[in-house]
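Below sits a lone chain in structure tokens, taken as the form predicted on its own.
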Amino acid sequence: MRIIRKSWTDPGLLLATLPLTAIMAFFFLIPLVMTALLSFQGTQYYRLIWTWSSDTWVDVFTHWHYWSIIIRTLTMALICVVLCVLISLPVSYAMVHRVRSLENHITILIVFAFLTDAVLKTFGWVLFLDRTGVMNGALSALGFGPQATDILFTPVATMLGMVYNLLPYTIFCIYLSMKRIDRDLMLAAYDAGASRFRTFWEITLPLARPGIFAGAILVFVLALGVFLEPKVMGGGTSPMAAELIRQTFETRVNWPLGAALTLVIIVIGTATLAVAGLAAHRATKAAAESTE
């Protein structure tokens, strides 16, 4: 397969990306600069004071409370990424190779999952997991006793909601990546005596790597900003970064601190994207060298 390399010195490429660059500059960079400026201001009697001070950043870097919530957010996001990828791999593989007759139906269901409001889906899980809900009622009828699964308002319920709401992103990315794999490669592996697992491990999985990378990055970045699941399904017992930022802006009325915490999350997400982009670039370069 021939790989076409383009450089940012190409005038056509620069002209094609100019509209997107202008939109990003207006709708992303300007608010980002305003947020950065806000983080260096102060507050007095719940009112913003326009001054230049680094007290807010000193507060951020000297209070363990903020970092414990950020570390919890990162941990939950990483676990969510791993679970979403592990669930999406067999689902995507089955859609492409095992249940091809139902492929379009499953795709439509995933599109519906994208379009359905996350609030409705999350509150649906609350009704399902409640002590008097459907799940406990069914388990009680099977003899497991009342309140057999009392996981609502715990971090487990938060993770369940995150995986449920973000899973379509990894399924779609991995599915599209597997869909592009030349089936003749797999048939050649079967003819050579390879088992289905070995064919999946040595052919399907490496060639589906771009989709896995894309889905994992999407889920990780979105998981950093989840707000609904920790609030509704977690009951607010283990707040994450988005809830911390909301409380800082709305409850504490400390806008400079909220802006500083927002920037910390943005920096973490950007660093993750940079590392993932570097890894994808190296993988693409290694694949190109192996085909030459």
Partner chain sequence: MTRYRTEGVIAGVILYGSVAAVLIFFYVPIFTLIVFSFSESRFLSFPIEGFSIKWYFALFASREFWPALGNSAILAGVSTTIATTLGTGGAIAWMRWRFRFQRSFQIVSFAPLLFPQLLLGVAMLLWFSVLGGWFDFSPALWTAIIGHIVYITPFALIIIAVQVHGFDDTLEDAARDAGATNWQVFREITLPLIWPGVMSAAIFAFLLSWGNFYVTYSLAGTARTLPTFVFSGIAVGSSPVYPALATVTFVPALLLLGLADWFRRRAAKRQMGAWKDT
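Just so it is clear, the model here is predicted, and its values are computed rather than measured. Here, rigid core means the biggest group of C-alpha atoms that superpose within 1.5 Å across both forms. Positions refer to the first chain, counted from 1.
Below, we turn to the form predicted in complex with its partner chain, even though it does not appear here.
Here the chain stands alone, but in the model of the complex its contact with its partner chain, taken as any heavy atom within 4.5 Å, falls in 194 to 202 among 194 to 202, 150 to 158, 180 to 188, 71 to 79. Looking at its partner chain in the model of the complex, residues Val85, Leu257 and Ala271 place no heavy atom within 4.5 Å of it. Of the heavy atoms in Tyr164, some are within 4.5 Å of its partner chain in the model of the complex. At a distance threshold of 4.5 angstroms between non-hydrogen atoms, Gly124 is in contact with its partner chain in the model of the complex. Although the partner is absent from this view, Ile49 stays clear of its partner chain in the model of the complex, with no non-hydrogen atom inside 4.5 angstroms. Taking the partner from elsewhere, Thr284 is found to have every heavy atom lying beyond 4.5 Å of its partner chain in the model of the complex. Taking its partner chain as it sits in the model of the complex, the stretch 241 to 273 comes within 4.5 angstroms of it through a non-hydrogen atom at Ala242, Ile245, Arg246, Phe249, Glu250, Trp255, Ala259, Thr262, Ile265, Ile266, Leu273. Ala274 shows a C-alpha shift below 2 Å between this form and the one not shown [criterion: core-superposed Cα displacement of 2 Å]. After superposition on the rigid core, the Cα of Phe27 moves by 2 Å or more between this form and the one not shown.
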